[in-house]
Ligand code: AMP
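First comes one chain, alone, set out as structure tokens in the form predicted on its own.
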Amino acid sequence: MSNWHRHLPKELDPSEIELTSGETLPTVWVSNWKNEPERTVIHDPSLGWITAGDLLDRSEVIARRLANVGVELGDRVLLSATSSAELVAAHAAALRLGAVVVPTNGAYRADEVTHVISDARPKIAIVDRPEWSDWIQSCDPTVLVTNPSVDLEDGPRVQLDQIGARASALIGYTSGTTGRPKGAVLSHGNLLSSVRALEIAWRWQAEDTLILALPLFHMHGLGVGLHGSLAVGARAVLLPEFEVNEVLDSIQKYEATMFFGVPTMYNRLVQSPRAPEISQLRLCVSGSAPLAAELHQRIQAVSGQRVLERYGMTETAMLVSNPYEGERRPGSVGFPLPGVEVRLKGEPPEILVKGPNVFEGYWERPEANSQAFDDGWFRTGDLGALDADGYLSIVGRAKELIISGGFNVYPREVEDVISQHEAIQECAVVGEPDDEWGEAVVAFVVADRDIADDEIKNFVGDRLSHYKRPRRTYRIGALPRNALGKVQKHRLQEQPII
């Protein structure tokens, strides 16, 4: 399945497309910044508009500071902070220096943070959450910085932008079936080729202004929203968090043309009496979780806006997208993006992918790598189906991933925590369909007393990120198992609730 020509403008010859030119993310950004230094590129919630020249200067200063404390080519730099121009500059600085950024979810708790630190072994951790300091220092990283402005001593000038497209750019942590996050290593070529494909498919131009309320720690907000805006020379309005009226106010105030969000955001937008205001946007994109066909249709009925749903992963950046021109089919993710090949294999049919955007492997996980690829094709773990017109739909997951509000939740990780509760003998965690969250995390427990929803929600919330908390807990007599003793999660809903 390689019909990505369906994304191309009529005037574009497929032979003219170059996704892997040997450039890197920062060389493209720096070229844009030097060509138009007075152009506004980032709107910071506290500082206002930041120009390209200012961002160029800030990134060079931070790069000198990082080098002055020993950050060298290939060293890992952990970044976790609220969206700001300072965070963008620190991200660019690390990449320009040839370091590998480890973007980390700010909702992580102690166990999650210490796992990433001990696994990636960053030379420096740049964070803005005071409670992280003790957790990080217990792992003894070389340097801890508690502000994304990187308030360290300046160092001498250093060589920047010296690496090639095959050099590692990011390590994005994504959980596996064991529940322990593993780092997907993405090169500059992987990330830039994905951005170039989106630039073509979505007609992304320098004249666009994106409202970016997604956090800058995962592929949607960072790898698509920020990287794409900087690469095409467009403007991005950073919002520290999603709030309906603030998004709608920003669309009007900054004459925005684009908005990227997860289904939960669109569900909240469409409930607002101001929902028709999103009609002025050129493009609304949804990702990170399935967009219900009913919600897609409701958005169009209220605002006239046809949301474009796409499909991607931490390991691959963006893979598939509904077309910019033509039908954006509800319940479908569309066609492979330029440069991407997709095929279905097995029964049930798993989605396998190949392309310049696909990572080469997980950080220091040779066994996981051997399982992740099938003769050069990456196994997504998602189950797919093609309709008569070639549109791809995601029909399930081979792995037991729950996607709640756009965030990945792996049941094993939550089960391991719940099992520590003194009243619980055994448990199983699954996802339930939910109108607002897409899927809600729920727990089925065998316990020696009544268990309230809030008790388990708070117990998990003290140990894991807030979005991993079970929204409902059901007490049952026993977990259903097969003859080999394996829990049959598909039968949990059949069990009588005590």
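As the structure is a computational prediction, the values presented were derived from the model and not from experiment. For every residue, the number given is its place in the sequence shown, counted from 1.
There is also a form predicted together with adenosine monophosphate; it is not shown, and the following applies to it.
Though the partner is left out of this view, residue 309 does reach within 4.5 Å of adenosine monophosphate in the model of the complex, counting heavy atoms only.
Taking non-hydrogen atoms only, residue 82 never approaches adenosine monophosphate to within 4.5 angstroms in the model of the complex. Contact check for residue 349: every heavy atom lies farther than 4.5 Å from adenosine monophosphate in the model of the complex.
Shown alone here, residue 382 lies within 4.5 Å of adenosine monophosphate in the model of the complex, counting heavy atoms only. None of 390-398, 146-154, 186-194, 418-426 except one has non-hydrogen atoms within 4.5 angstroms of adenosine monophosphate in the model of the complex; the exception is 390-398. Using a 4.5 Å heavy atom cutoff, 314, 333 and 410 all lie near adenosine monophosphate in the model of the complex.
174 is the sole member of 114, 174, 267, 303 with a non-hydrogen atom within 4.5 Å of adenosine monophosphate in the model of the complex. Proximity to adenosine monophosphate in the model of the complex, defined as a heavy atom within 4.5 Å, singles out one entry of 139, 403, 110, 160, which is 403. Taking adenosine monophosphate as it sits in the model of the complex, the stretch 445-478 never comes within 4.5 angstroms of it through any non-hydrogen atom.
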